[in-house]
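This document opens with one chain alone, in structure tokens, the form predicted on its own.
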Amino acid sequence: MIRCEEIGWEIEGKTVLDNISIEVAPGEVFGLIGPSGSGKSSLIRIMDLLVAPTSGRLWIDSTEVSAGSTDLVALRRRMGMVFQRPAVFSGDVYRNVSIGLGLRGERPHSARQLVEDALEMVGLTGFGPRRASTLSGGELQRVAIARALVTRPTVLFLDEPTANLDPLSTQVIEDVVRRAQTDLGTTIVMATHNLDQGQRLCDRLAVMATGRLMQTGTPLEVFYRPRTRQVARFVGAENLVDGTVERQDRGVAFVRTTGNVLAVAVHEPVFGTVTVAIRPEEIVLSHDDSCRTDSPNHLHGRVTAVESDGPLVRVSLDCGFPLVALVRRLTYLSLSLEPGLQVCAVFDPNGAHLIART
């Protein structure tokens, strides 16, 4: 559907995008994740033909996009775009949603049905006569999505569509994204800083940092098999323990670290110095005197800090190296976790991943 080959973009002497090559398949939800300033929004604008890259090549289906091409308008008509902050026109909701149909010369009767269908999809049935200026931020964003979907685009671009919204509005918009993919077959490219949202919605993800592409893959591959320490940190595998592979046996590598040997499941042979990436939610804590010594990874440690992390509790440990565990609040209360307490930390070999160090 969309293919970017070595895309680069510079503005005022600053490199915004550097050698980006990705391919988006028809009908998939493709996510761009990365910290602020990583180039996600810039790449979406290039794919949406709003700006031209300074280097590289871009294809939409089998059509290569080139500056000054007469095909650009026809290609743009097949696309929809929703920005982080919705643009609102004066007048009622109907006018806001139907404006694209009017520009395409759609007949009033068929346009009205298309607008009603689009409003139903975003959960705003009956909102047509309301003045857009009276709506909440979440409702305005849904109007913007309805305006993009009413023309039945082949590909829909979403640039941080839920960044400033409450959880309920976010859930509604996520449901709309799923319906657009399943019911309409729309290809969707979305930039998001919400990692949970990326895992929930996207078939594949691209991790970006400082204008470069760091890794692409399914959510499972990106979040549980990061290729670099930088990607691991960004996707939440914050426990990064350096060590050396001593041996491998039946799909498990045994890694010598400071005072411990860790067992890590491997999917391909790995040797030498490595980093063990362990997601904090994969770590199970217990009192030190009830440690599961039958587990290949049981670490004795001391609690150094405890802090709330939403519905979970973040527990920092000293196990000869720093370790962080995320536990449920009931677990925190039942173990009476507090600084100074000796505990046992256990994790399954499949809950960790090896990153080769170069």
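The numbering used is simple: start at 1 and walk along the sequence shown. Predicted, not measured: the structure shown is a model, and the values here were computed from it. Under this definition, the rigid core comprises the largest set of C-alpha atoms superposing within 1.5 Å between the forms.
Keep in mind the form predicted together with a further copy of the same chain is missing from the figure; the text below concerns it.
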query	finding
Residue among Asp18, Asp348, Glu338, Glu23 with a heavy atom within 4.5 Å of a further copy of the same chain in the predicted complex	Asp348
Residue among Arg152, Arg229, Arg130, Arg178 with a heavy atom within 4.5 Å of a further copy of the same chain in the predicted complex	Arg178
Contact label in the predicted complex: Asp294 to a further copy of the same chain, heavy atom within 4.5 Å	no
Any non-hydrogen atom of Asp196 within 4.5 angstroms of a further copy of the same chain in the predicted complex	yes
Glu282 within 4.5 Å of a further copy of the same chain in the predicted complex, heavy atoms	yes
a further copy of the same chain contact in the predicted complex: His298, any heavy atom under 4.5 Å	no
Which of 57-65, 286-294, 322-330, 24-32 sits within 4.5 Å of a further copy of the same chain in the predicted complex, heavy atom basis	322-330
Site check Asp249, Phe254 and Cys344: each within 4.5 Å of a further copy of the same chain in the predicted complex by heavy atom	no
Is_shifted Ala52 between the shown form and the other one (CA, 2 Å cut-off, rigid core)	no
Is_shifted Val231 between the shown form and the other one (CA, 2 Å cut-off, rigid core)	no
